[in-house]
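A single chain, nothing else alongside it, follows as structure tokens in the form predicted on its own.
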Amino acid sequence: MIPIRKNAEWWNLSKEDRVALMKEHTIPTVAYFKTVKRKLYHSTGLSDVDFLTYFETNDLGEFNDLVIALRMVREDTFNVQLGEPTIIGTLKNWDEIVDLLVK
């Protein structure tokens, strides 16, 4: 999970301008649809961040390439906070967790 906070300039853009930037932001993600699952949650009012982005993948190289591609879009210039903390983990079923705990 990566928390994101936008600056005041972002929030002062018209809705149409923000939508246009988000569409531009989506273009580089298309190449990673099959290898990186991604969900975006709007979190304004729930904490000090505006968005939480959740990623799930088995290919860290593809994830790294996706993050680099997203850092290249104009919308990234409006980020005040990207990460900090970035939470990294793995998905395990209950049996796997028990096996890890008994080792």
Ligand code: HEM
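Just count from 1 along the sequence shown to find any residue number. Since the model is a prediction, treat every value here as computed from it, not as a measurement.
One more form of this protein, predicted together with the named molecule, exists but is not displayed; see below.
At a distance threshold of 4.5 angstroms between non-hydrogen atoms, L91 is out of contact with the named molecule in the predicted bound form.
Although the partner is absent from this view, V67 contacts the named molecule in the predicted bound form, with a non-hydrogen atom inside 4.5 angstroms. In the predicted bound form, T26 approaches the named molecule with a heavy atom inside 4.5 Å.
Taking non-hydrogen atoms only, V49 never approaches the named molecule to within 4.5 angstroms in the predicted bound form.
Contacts between 18-39 and the named molecule, taken as any heavy atom within 4.5 Å in the predicted bound form, involve M22, H25, T26, T29, Y32, F33, V36, R38.
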